[in-house]
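Single chain ahead, by itself, as structure tokens, in the form predicted on its own.
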């Protein structure tokens, strides 16, 4: 099954605390008073300009290894192949908040509205990540509707560029998914346009399907350590 999924901008709007957390601010009350109007303006611009859309296409388990192999540049030992082997359902996906937000960010910096531009960039980045989560929820609902037990339909997104999956893997992913249908393109450096876009594979399974010990060699260079939070989220 292949489907285009559109979201209202308000649904793709990330929680304020998530935007601030990604900027290293864990207590919204400590936000400087002069920043509050700029942050409110950034959220307002996002809801005005964003056109969130995603593309999801089911993937047979046997198709994934060739896509994941990419150009042979992945880390030699990574968690994703074993996670996929345990999966109850797979789908490739791509999503974007659209062109208009990125254009406005550039205009704001040109206009010397640096604070609003920076915060709109942060909001749009968090919104792109939120689209991954929204599509994961959508795919989970589809698995359950198709007869998969809800306990085996806990879905997480996995993307090239993380956990040892080299970013050049996007070339085979794009060749298979063809997200140009929703306006997402890949340049020779494997950078997506619009810039605030995401892509990867949705993996459905039990909470244990997604469990791994983050002690791979590449884990030492990871600055986000999001895997623990993600694994905890599907256990809840």
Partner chain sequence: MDPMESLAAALQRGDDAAVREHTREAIGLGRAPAAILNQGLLAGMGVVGEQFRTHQIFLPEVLLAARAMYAGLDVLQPLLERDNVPMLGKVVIGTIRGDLHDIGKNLVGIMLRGAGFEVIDLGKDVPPERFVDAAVEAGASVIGMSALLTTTMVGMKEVVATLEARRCRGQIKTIVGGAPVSAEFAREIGADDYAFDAASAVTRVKALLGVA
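The structure displayed is predicted, hence computed values, not measured ones. Positions refer to the first chain, counted from 1.
Not on display, but discussed next: the form predicted in complex with its partner chain.
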**Study point:** 4.5 Å heavy atom contact, residue 59 and its partner chain in the model of the complex
**Key:** no
Review point. Is residue 219 a contact residue for its partner chain in the model of the complex, using a 4.5 Å heavy atom cut-off?
Key: no
Exercise for review: Verify the contact flag for residue 129: yes if a non-hydrogen atom of it lies within 4.5 Å of a non-hydrogen atom of its partner chain in the model of the complex, no if not.
Suggested key: no
Check your understanding: Counting only non-hydrogen atoms and a 4.5 angstroms cut-off, does residue 195 reach its partner chain in the model of the complex?
Key -> yes
Revision key, fill the gap. Of 114, 75, 148, 100, the only residue with a heavy atom within 4.5 Å of its partner chain in the model of the complex is 114
Study note, to complete from the structure: In contact with its partner chain in the model of the complex (heavy atoms, 4.5 Å), from 176-184, 48-56, 62-70, 163-171, is stretch 163-171
Review point. In the model of the complex, do 158, 208 and 211 all put a heavy atom within 4.5 Å of its partner chain?
Key: no
